[in-house]
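Only one chain is given next, in structure tokens, and it is the form predicted on its own.
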Amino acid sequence: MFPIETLVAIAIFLITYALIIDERIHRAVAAMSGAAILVILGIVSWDAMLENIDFGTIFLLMGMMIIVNVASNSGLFEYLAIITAKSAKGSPMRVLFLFSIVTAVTSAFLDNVTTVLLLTPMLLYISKVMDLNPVPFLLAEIISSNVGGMGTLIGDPPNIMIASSAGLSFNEFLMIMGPIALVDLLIVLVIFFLMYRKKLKVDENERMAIKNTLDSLDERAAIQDIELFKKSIITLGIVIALFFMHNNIGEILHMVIPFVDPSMTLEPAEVALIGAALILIWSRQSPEKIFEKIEWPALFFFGGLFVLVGGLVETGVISDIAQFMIDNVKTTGEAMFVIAWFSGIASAIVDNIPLTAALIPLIHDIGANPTTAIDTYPLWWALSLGACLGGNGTAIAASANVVVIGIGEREGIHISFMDFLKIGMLVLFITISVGLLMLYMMF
């Protein structure tokens, strides 16, 4: 029989989870309320609450939000969208391919929600100019953002959470998940070509008319502030470079400044905050206006979620589940299979953020058990694979999906749950299968 505090912690977690899925109460309010009840009841103490909140994840997201909010004021992202559309030379399928690639690459180095918020209005405008059904373009954008976000440490919230908890570097993500994201993106483009090639086919006269219309768009007019535009590009370049070098920054600085400790490293959150401070100081943008645009509800949602999962950790629920897995899963390969497919299918039904938060301590507990022969290092990559790609399964599986569909609804474009499901589940099963096969080859 479980102790009463364990049952209460499980009940609070499940009720909060149900409220998050239901969406009648904002998910940040639901998570914070559940966390507050756990603290009030003494299931999670004040000190334990602070230990369970992963401030590395929260500050990394906050820093990147500041950088993107400042850069968006320059017109940088609209400029990139118009350049991309012109490169298609009037071919609708080429527009779909190019926007998918731009979305995937941008999502890899920004967070995918911010990427779709910036690119979706321009994509809708361009599809309207081309007089084409925008649904295939929106679906391609959603799926590409989730696939691209998987490729780097900062591309998708589950990766940020995994890296912060497991101590994984930006370069590790790029070397392991980057190739998987690239292969899966190519597979996604093939799927879209096979499904929509007839619907997006135009004759030569139509293609030239579309090309002339796109050529009439002036990408330079999209730049609202040329000085801020240049500063944004330089700052993003510095931040991306620091993400590559953050584990070796001490060695690099030591060659120039001898008294710097060569063993010094930078956490990804520190890189994001350095970039945020740099662009705020350099751009002279109003911090009040920039801070207003930070997705505070998302950050508070994360904070509450960490405490909720902390309740399961403190009461031993996570360690019991880990022990069950250890007793029934004997090899690392089996554990990778279970975690990738469980997180992938579950992420298609519920938000991948709380799911990832619940599975992270489970993997830690598997690694802490002295009787297991399971290597937990590959399990982190299996979790990243499933949690990120599971977001493609349904219309509500990831935040980027909900954002794009919501913007479309405001413009009178309806994407039904079943329409998304038809292509989403196909993409989910194929991309996770391929990704898992590649992980097996690596490990």
Partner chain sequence: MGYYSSLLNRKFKDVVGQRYDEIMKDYKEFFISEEEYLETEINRILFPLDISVKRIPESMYDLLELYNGEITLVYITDSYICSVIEEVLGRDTAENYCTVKESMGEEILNDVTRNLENKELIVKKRMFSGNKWDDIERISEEFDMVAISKDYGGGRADDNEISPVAQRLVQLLKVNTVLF
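Nothing here was measured: the structure is a model prediction, and the numbers come from that model. Residue numbers count along the first chain shown, from 1.
Not pictured, yet referred to below: the form predicted in complex with its partner chain.
- Contact check for D22, L117 and V402: all three have a heavy atom within 4.5 Å of its partner chain in the predicted bound form.
- Among residues of the shown chain, M255 is not one whose heavy atoms approach its partner chain to within 4.5 Å in the predicted bound form.
- Among residues of the shown chain, A222 is one whose heavy atoms approach its partner chain to within 4.5 Å in the predicted bound form.
- In the predicted bound form, its partner chain stays beyond 4.5 Å of every heavy atom belonging to A346.
- In the predicted bound form, P121 approaches its partner chain with a heavy atom inside 4.5 Å.
- Screening 164-172, 177-185, 124-132, 276-284 for residues having heavy atoms within 4.5 Å of its partner chain in the predicted bound form returns a single hit, 124-132.
- Between the options A269, L153, V113, A140, the residue in contact with its partner chain in the predicted bound form by a heavy atom within 4.5 angstroms is V113.
- Contacts between stretch 71-95 and its partner chain, counted in the predicted bound form as any heavy atom lying within 4.5 Å, involve E78, I82, listed in sequence order.
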